[in-house]
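In structure tokens, the next block holds one chain alone, the form predicted on its own.
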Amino acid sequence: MASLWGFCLVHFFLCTLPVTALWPQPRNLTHGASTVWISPSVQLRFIDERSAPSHVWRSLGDGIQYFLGGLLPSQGEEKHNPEHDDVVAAFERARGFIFNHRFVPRKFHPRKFAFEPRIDESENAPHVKTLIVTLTSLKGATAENRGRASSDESYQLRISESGIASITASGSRGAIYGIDTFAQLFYAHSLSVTEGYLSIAPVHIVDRPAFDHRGVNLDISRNWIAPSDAIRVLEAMAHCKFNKLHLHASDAQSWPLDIPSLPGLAEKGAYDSSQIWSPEDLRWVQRYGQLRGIEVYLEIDIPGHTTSVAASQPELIASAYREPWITYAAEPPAGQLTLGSADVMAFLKTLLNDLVPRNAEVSSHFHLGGDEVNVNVYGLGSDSSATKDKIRAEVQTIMDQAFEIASKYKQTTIVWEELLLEWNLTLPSNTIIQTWRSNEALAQVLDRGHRVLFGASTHWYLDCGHGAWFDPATPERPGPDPRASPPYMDQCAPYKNWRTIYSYNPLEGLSPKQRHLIAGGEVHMWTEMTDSETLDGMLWPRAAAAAEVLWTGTGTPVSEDTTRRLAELRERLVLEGVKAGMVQMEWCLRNKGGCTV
């Protein structure tokens, strides 16, 4: 049937027709207005034109059997290709996304409005019977000046009016993203337990990310965040096309990560023996992310934010638990690695030679921290002989050893902006600088010629605006710190709502030469006021707003279309078991145009 509305060409903006609410928004989309159906019997055909023969995977049976037994070659197969597993697993997740969750978008239409196609027409109507996924070399899948996106993440998706469905990608990551987009195109039908449909065939999508690094920074040290919580975060991230989960794995307050060569670190440094990530937990989370196109990498923050080490080795920490803490640390308890100490250097060598090679099995990045080094800890400004130049030289020595170990395992290092901008350290040329304080810091790093991650606290700190988390020592006479007095605002207030996050444009005012050095960005979930119980609502749907900025590029204004698409993603995440916060009042979703001003 010819399209009733004709084709609608989209470049970054979805048109006003009632299209499926994809998130993040595809770079290019053309579509019609015909209905195509899908049932649980849909099959996957995987073709690797680069080397491997094609295979047909049936739902559940053959596909799951191959995935679970994939490390062993099947009969007649010469060499196992792990990308088969990635694609098969993504296909099975997509089937569950469509048929197990059964999303019917009632909230997005007026009550009693007939928004679904007639179910009695489905039997003889076109169906998607096979999804063909082909890995091949895609032409034109290159990055723009705005970022350094990898062509490996690009994909093309087609669904014809007759139900022929195909995805073409350069590698398994692009295929995974394409399969997730495919799943988002379909709705369950309220009158059928098996049938799903889309009403915009034919569909053609050409898509690729604007930035190579699209991440969430998750703090697992200030409050207990279990490995199972990280798994749930990864599931939601996958639907938003994030590709990096940065685990801030240690801090002054606790050390939750088990290091077999240093067993006392977590045994004494964690809040409780039940609040420790084992090596098996870490491997599980990292492999789980890998199957979803997400690289899970670690941060061990040095030389600051290390007081938890003192629980097992107090001799390694200068000014441990010293009061008043606010003089010696950004947060309690005070304490940093002792400088000029052979014992500290030996400790770091043991720690990093244990952890970095395990991280390197699944990740090419390792974060070494470097933020908020407090000079008062080392006696600057007192009667001691400390000078900033002396402190700088000793911090350089610590970091040089860490960089050397990371390089040995072929890790690209990431550090916070202070090591470059405040301490002027000599850093490896391939080190990525993570900025967090302002766009001015971003520009300064770019002027120094380093690749950079954006994510300013003014826009992308999800912990902000929930109030101060410490109390006045003398309530009747609060001190000078405004956080200890009404209205008890935290240091990075106000709250960053999803529209604030979506409107963030770190590229504003940057030259094309500077933009070329931007690797991407991360949205930050610090957990002073967050734990396992509140994590979902703190992250979602706000982190998803950052995901679209990272995928499509910056500069897209918030519109009612944005709100409705994000609200639909939120409904799908809730069906996944993610306790995501609200996007919009239901009346506004049911009455399009009724809440615009």
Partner chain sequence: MKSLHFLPLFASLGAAIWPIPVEYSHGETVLWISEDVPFYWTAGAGNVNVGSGSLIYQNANIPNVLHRPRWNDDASGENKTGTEALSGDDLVNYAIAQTHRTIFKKSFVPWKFHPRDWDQPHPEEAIYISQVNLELLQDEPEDVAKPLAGVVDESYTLSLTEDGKTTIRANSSVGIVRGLTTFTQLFFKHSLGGAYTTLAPVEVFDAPKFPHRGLNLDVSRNFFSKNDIKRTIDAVAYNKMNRFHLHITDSQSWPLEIPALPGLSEKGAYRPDLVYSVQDFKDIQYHAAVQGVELITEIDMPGHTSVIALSYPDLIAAFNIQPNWDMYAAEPPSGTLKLNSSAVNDFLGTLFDDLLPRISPYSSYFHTGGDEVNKNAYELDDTVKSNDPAVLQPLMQKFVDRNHDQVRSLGLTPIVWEEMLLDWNLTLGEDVIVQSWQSDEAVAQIVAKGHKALVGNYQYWYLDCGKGQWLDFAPSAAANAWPYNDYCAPFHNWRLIYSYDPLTGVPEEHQHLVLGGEAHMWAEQTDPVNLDRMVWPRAAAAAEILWSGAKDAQGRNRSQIEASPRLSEMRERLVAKGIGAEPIQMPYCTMNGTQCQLGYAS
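What you are looking at is a predicted structure, and each value in this text was computed from that prediction instead of being measured. Positions refer to the first chain, counted from 1.
What follows is about the form predicted together with its partner chain, which we do not show.
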item	value
Any non-hydrogen atom of residue 341 within 4.5 angstroms of its partner chain in the model of the complex	no
Interface membership of residue 563, its partner chain in the model of the complex, 4.5 Å heavy atom rule	yes
Distance check, residue 49 to its partner chain in the model of the complex, heavy atom within 4.5 Å	no
Residue contact check: residue 270 to its partner chain in the model of the complex, 4.5 Å heavy atom	yes
Among the candidates 400, 447, 323, 123, the residue which, in the model of the complex, approaches its partner chain to within 4.5 Å (heavy atoms)	323
Single option in 163, 465, 428, 117 placed near its partner chain in the model of the complex, where near means a heavy atom within 4.5 Å	465
Per-stretch contact check against its partner chain in the model of the complex, the hit in 492 to 500, 437 to 445, 193 to 201, 400 to 408 (non-hydrogen atom, 4.5 angstroms)	492 to 500
Every residue of 365, 452 and 515 near its partner chain in the model of the complex, heavy atom within 4.5 Å	no
Residues from 463 to 477 in contact with its partner chain (non-hydrogen atom within 4.5 Å) in the model of the complex	465, 466, 467, 468, 469, 470, 471, 472, 473, 474, 475, 476
